[in-house]
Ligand code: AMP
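One chain comes next, on its own, written as structure tokens: the form predicted on its own.
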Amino acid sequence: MLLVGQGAREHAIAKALKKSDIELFAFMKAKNPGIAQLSAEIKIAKLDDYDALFAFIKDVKPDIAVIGPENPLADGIVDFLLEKGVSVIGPTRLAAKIESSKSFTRDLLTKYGIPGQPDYKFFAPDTIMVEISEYVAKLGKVAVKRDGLAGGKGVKLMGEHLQDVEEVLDFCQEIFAKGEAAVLEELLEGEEFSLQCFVSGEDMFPTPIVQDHKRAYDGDKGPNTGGMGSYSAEDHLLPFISAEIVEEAKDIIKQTAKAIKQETGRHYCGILYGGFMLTPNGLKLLEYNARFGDPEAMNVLPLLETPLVDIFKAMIKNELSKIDIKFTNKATVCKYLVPEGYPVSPKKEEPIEVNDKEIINEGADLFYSSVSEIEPGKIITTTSRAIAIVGIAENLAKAEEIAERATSFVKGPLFHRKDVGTKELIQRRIDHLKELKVL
């Protein structure tokens, strides 16, 4: 089994795969010590270095490859591996546009009449600014997004990041200067959740829903990040998201998988992850990702009772509906330790100490993210998230306590959101939906 990627999401995939007796080979751009420890052989190279990748697969001869991050998917790594005779968990470049191009996604959902769409409009780099002003005036408030990939940090909201129309126009100009289109959508209000699904053709199987936290600081303050932490509940729902709402979300993902097959001529084989928001006007789709979430993968993969390798093999054979997939009924809380200054001006190449034995003794799990092991036992930070700590327990309160205690066993110039998974934060979510008369 070949694993491509070097983050905490990939470490979570590696741990889940190694619960079975398999040989794991990892292709990474930096040495993730957790993945390296689980691998029979690793190769350090840029993820778009296809010469190095080809040499590696000729050497290790994997039967299946699993692609973790979004950028290689958008670049067409799956197409390359399929050409070389390797089966892959991950969509082709064209199907991966469900994440890499917001215009592709919105237009696809419109074309096939799939529900959950907000009001939206795309503006090309040659757009006259008055057209944008008129659209903002029509909607009142908008969310402004880059059309392409932005690492979870390419969205700005009016009233929070953008104070008026002038600031909206300035941000659009920034996007246009990069040669990208800007997407303006109606500003939705509600509560978000993530639904990650195994998808093979028109068959899909959902994982427990998760809520992520994009803002950098406690109380949902500060700039957007790649995700500061996340939680899932023991009943696989959330205290403010019902089973009926999850069924709606599942149906939207199922319809989308069918539409991708019709549109691209090839069935989707990989993870399809919908970012949803429950609003006063019903369930809305914010975005799609073509892979596991980071941090959401760390919530759901440790709960898997069914071997992940068996699920992947069934997906490759297009027999996903024949396998019985089960998850443990426990709650999870993931807290990310990130470099001081993240995400605006993060400290980098700082040494950190991780006492993995004490973390395990607390009943927590840990996943190495954007760090590099420059020599045995010496780990330094990069400019992104460093270590994910996950508490798993019978309920959210216990899972949060475990995760919070375990963070103290990572030393270095790092910080984390202490409020992820707390009773107070979850109550704010409930109160928010009550104020909006959704609950």
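One-based numbering along the sequence shown. Because the structure is a prediction, the values reported are computed rather than measured.
Absent from the display: the form predicted in complex with the named molecule. The rest refers to it.
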With a cut-off of 4.5 Å between heavy atoms, is Leu187 one of the residues that contacts the named molecule in the predicted bound form?
yes
Quick one: is Glu234 in contact with the named molecule in the predicted bound form, heavy atoms, 4.5 Å cut-off?
no
Is Lys145 near the named molecule? Define near as a heavy atom within 4.5 Å, in the predicted bound form.
yes
Looking at the partner-bound form in the predicted bound form, is Lys102 within 4.5 Å of the named molecule by any heavy atom?
yes
Could you tell me which one of Leu157, Ala259, Ile323, Leu169 places a heavy atom within 4.5 Å of the named molecule in the predicted bound form?
Leu157
Scan Glu192, Glu180, Asp203, Asp365 and let me know which has any heavy atom within 4.5 Å of the named molecule in the predicted bound form.
Glu192
Among 80 to 88, 132 to 140, 280 to 288, 171 to 179, which stretch has residues whose heavy atoms lie within 4.5 Å of the named molecule in the predicted bound form?
280 to 288
Can you tell me which residues in 202 to 227 come within 4.5 angstroms of the named molecule in the predicted bound form, by heavy atoms?
Lys214
